[in-house]
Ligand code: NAI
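Take a look at this one chain, the form predicted alone, written out in structure tokens.
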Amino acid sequence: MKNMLIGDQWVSASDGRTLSVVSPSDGRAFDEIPRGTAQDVDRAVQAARTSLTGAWGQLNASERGRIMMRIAQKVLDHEEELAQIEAKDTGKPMTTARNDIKVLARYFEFYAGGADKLHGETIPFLNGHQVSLLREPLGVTAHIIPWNYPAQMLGRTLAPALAMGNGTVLKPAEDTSLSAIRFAELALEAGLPAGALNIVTGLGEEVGAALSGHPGIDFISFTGSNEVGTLIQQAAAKNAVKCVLELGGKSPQIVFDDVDVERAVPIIVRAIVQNAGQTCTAGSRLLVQRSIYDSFVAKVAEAFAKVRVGTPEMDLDCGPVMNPAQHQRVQRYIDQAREQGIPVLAEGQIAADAPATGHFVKPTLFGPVPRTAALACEEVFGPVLAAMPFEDEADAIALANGTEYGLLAAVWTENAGRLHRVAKSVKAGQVFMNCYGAGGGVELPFGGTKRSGHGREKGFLALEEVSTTKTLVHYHG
């Protein structure tokens, strides 16, 4: 049984209720976490608020940076332990889990170095006046993170908020709270003052709802579905609270006839099977110029058929999807596409000794997929790739922009002019050119357009999102 962190106390839920922690690899419960309540959220917000006038609020920026660097080192010192926790909780391969922990440490390293680098300004004004622009923390920030990358996501959202001196309240996904709890223990050991970080575990409709509508919150970061993002934004609006929302994608891989095939194919396959396709930036649409469609997609199919699925310790290409609901969702898209007569071009394989009770899905490549099919337009959030041909540059751009999402895209061509024309024309928050993903991308501003959300995480822009400015006008004569 794990407890949650409020102030410097490890506590159970106020009413004593718990939730089972279930392994997606075999469907078995192996631990418990508190099922937090609105009362627990209120206590956590108060603890965060108190920290702003206590030891945490008294630190200067460079001192905050030093604590964050110590936290990063703690993560690295416990890298294997944290990776084991992450793998068991999520089902992802050990190699992926280890990389996620490295990225978590990198977030704290990066923002530790940035804590004292976001400066104010002096503004020219009327004679006899001195005008300064100060950069200040927002206050108490709320962070509601998903289950697909729990360790990475807590780093992505918490590190910039802490670097700016905010008090924070984290609500991890109920499916994957264990790495956040262990991280918090390490953060306290590294010297993070009481109340700077609070963690309330529990259900979204209980803890998440209470947190997003709490009048003591000054900012909300949320990554998840459009439906929940809308509810959070509505709740926040009642208190005039700013939100940064990352709400998924249907990201295109745009492949022209002069593509470097040997480079592109393995990256394209990896971009959809990584984390069992449970990635908001998954390259789930493969758009290929018609003149090379058959030959290129055949190469992708050949690579796709070699994908292997298994448990974390097998350390194969991908693991199970997260839970029964997600398994049913992904399988429904696959079954629907089959029923519509969309050809299956290749399937990966589930390891023979993978537990029958695990939430495993065969990675599947479909094509050609009609442009109006659900598989072409809707986020599956699983290892399912939809291949579609296009005619020319204009058609490629229209097809790439033809969904309600706009999070990430990739362009594959050796023609430099076309590379930049298409990249500028695609509606997405990030566009990769002859590559995809670029590792954790901690330094790269990240966020979406259209229904993929708004606001930016990562990079220095994240520090601006979790802070505010104050204008000081001094008349000195």
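The first residue of the sequence shown is number 1, and the count goes up from there. Fair warning: this is a prediction, and the values are worked out from it, not measured in the lab.
If you look for the form predicted together with the named molecule, you will not find it shown, but the lines that follow are about it.
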Next item on the list: Please determine, with the chain shown alone, which of 159 to 167, 99 to 107, 294 to 302, 326 to 334 has non-hydrogen atoms within 4.5 Å of the named molecule in the model of the complex.
Entry: 326 to 334
Margin query: Just to be sure I understand the contacts: of 261, 231, 194, 131, which is the one whose heavy atoms reach within 4.5 angstroms of the named molecule in the model of the complex?
Written below: 231
Checklist line | 253, 364, 198, 148 - the one with a heavy atom within 4.5 Å of the named molecule in the model of the complex | finding: 148
Item checked: Non-hydrogen atom contact residue 114 with the named molecule in the model of the complex at 4.5 angstroms -> no
Note to self: Can you tell me whether residue 392 touches the named molecule? I mean in the model of the complex, with a 4.5 angstroms heavy atom cut-off.
What the structure shows: no
Next item on the list: Give a yes or no for residue 400: in the model of the complex, does one of its heavy atoms lie within 4.5 Å of a heavy atom belonging to the named molecule?
Entry: no
Notebook entry, point to check: Taking 4.5 angstroms as the cut-off for heavy atoms, does residue 209 touch the named molecule in the model of the complex?
Noted result: yes
Margin query: Just to make sure I understand: among 241 to 255, which residues lie within 4.5 Å of the named molecule in the model of the complex, judging by heavy atoms?
Written below: 246, 247, 248
